[in-house]
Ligand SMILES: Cc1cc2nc3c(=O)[nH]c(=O)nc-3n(C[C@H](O)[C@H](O)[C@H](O)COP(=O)(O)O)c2cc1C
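Shown here is one chain on its own, the form predicted alone, set out as structure tokens.
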């Protein structure tokens, strides 16, 4: 009897663990978007968003553009200092918060609930976006030195610009922001002192 109870418990744990990770569609490499020069010309800060949630395909393409795996050796679309790959991307929606796992192109559930206002802080327009991408730099990977935070900030900026250019190319609305409740987000996600929320990008479809 005890054996069957143990097996059932293990099965339930395995089911719960697997439910915490959601596979995204493969990035659509044939997605028709503006060319690079056109996207650069179109890039602008947009602070008004359709409330409609991005499709899973659009979300997958966005996250891959931000910092997905682009080569067989595991390197990413966004370069990082010393290839430390210290940037972590968190997706805040009305349903909860998930972390993007670039190596498997999956979303790992972190917290249930709507915490978009924590990202928006005192700028209400950001809370109206269907999702916000929070860019966290694990600067501890650079060691304990004065340059660590600076390198993390550089890399966060690169990821944010990837988001900006992709959104311009794909007809999505976004803006780069540094305003947010960084300490609250650290606590919410169980981040350490060296894991710094540096930038965020609210993202949504354009308002027509």
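Only a predicted model underlies this, so the values are computations on that prediction, with no experimental measurement involved. Positions refer to the first chain, counted from 1.
Quick note: we don't show the form predicted in complex with this ligand, though the next part is all about it.
Within 4.5 Å of some heavy atom of this ligand in the predicted complex lies at least one heavy atom of residue 45. Within 4.5 Å of any heavy atom of this ligand in the predicted complex lies no heavy atom of residue 105. At a distance threshold of 4.5 angstroms between non-hydrogen atoms, residue 139 is out of contact with this ligand in the predicted complex.
When this ligand is considered in the predicted complex, residue 179 lines it closely, a heavy atom lying within 4.5 Å. In plain terms, the part of the chain that comes close to this ligand in the predicted complex, with a heavy atom within 4.5 Å, is 121-129 out of 68-76, 85-93, 121-129, 106-114. With the partner omitted here, the residue from 148, 175, 63, 156 that has a non-hydrogen atom within 4.5 angstroms of this ligand in the predicted complex is 175.
Along 192-208, a single residue, 199, places a heavy atom within 4.5 Å of this ligand in the predicted complex.
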